[in-house]
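Below you will find one chain, with nothing else, as structure tokens; this is the form predicted on its own, and questions on how it binds or moves follow later.
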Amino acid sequence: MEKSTEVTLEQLQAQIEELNGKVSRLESNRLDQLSIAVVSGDLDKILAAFVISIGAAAMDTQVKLFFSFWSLAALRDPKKSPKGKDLISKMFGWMLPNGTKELKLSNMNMAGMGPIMIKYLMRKQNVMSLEKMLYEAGELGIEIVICEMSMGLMGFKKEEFIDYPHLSFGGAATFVADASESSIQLFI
């Protein structure tokens, strides 16, 4: 009977060693990195993405933001107006917010009063403005990737986006590759 107990213990030990090896391989493939797919163009959701990103970057976590679809409007520079757009592209440009100051809230927009009220409360409680958060994000090395497919669908051109020190352009494969290496992935 002792021999079967020894075999069982040996089998358990082998399984534990195998599991430890698998866990070690999984952990070694993950970086201290946060990847966020930012799809919403709502002020409160863009704010959430930057609050989380700045908090993570302040803790020395590498942060990569992938802006796609409606969130692209937040990164448009209102001082830039590229030439050579077709009618549909121009229409998207007219209908969508042009930069951070024109974003609406996802709830309680109240005919435009919601964003004014939330910005007032942010100032009153010493919360950074979205514009200041963008600056801080750049200082902390937070990377922003603009989805080229979404950009093309909405008729945006590279030259109409904000000047940001860590801005690049890529596709869904860029986000998937970054997210697969990240210890944390979010979708906002």
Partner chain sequence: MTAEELKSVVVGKSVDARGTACPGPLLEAKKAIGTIKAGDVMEILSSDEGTKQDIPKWCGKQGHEYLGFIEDSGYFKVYMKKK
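Computed from a predicted structure; not experimentally measured. Residue numbers count along the first chain shown, from 1.
Heads up, the form predicted together with its partner chain isn't pictured, but that's what we're talking about next.
Colleague: Would D44 sit within 4.5 Å of its partner chain in the predicted complex, counting heavy atoms only?
Modeller: Residue-level check for D44: no, no contact with its partner chain.
Colleague: Contact between G152 and its partner chain in the predicted complex at 4.5 Å, heavy atoms?
Modeller: Because no heavy atom of G152 falls inside 4.5 Å of its partner chain in the predicted complex, the answer is no.
Colleague: Flag S129 as yes or no: does it have a non-hydrogen atom within 4.5 angstroms of any non-hydrogen atom of its partner chain in the predicted complex?
Modeller: The answer is no: S129 has no heavy atom within 4.5 Å of its partner chain.
Colleague: Is there a heavy atom of I54 no more than 4.5 Å from a heavy atom of its partner chain in the predicted complex?
Modeller: Residue-level check for I54: yes, a contact with its partner chain.
Colleague: In the predicted complex, which of 34 to 42, 63 to 71, 121 to 129, 153 to 161 comes within 4.5 Å of its partner chain (heavy atoms)?
Modeller: Of the options given, it is 121 to 129.
Colleague: Using a 4.5 Å heavy atom cutoff, which residues in 88 to 119 contact its partner chain in the predicted complex? It's fine if the answer is none.
Modeller: Stretch hits: zero.
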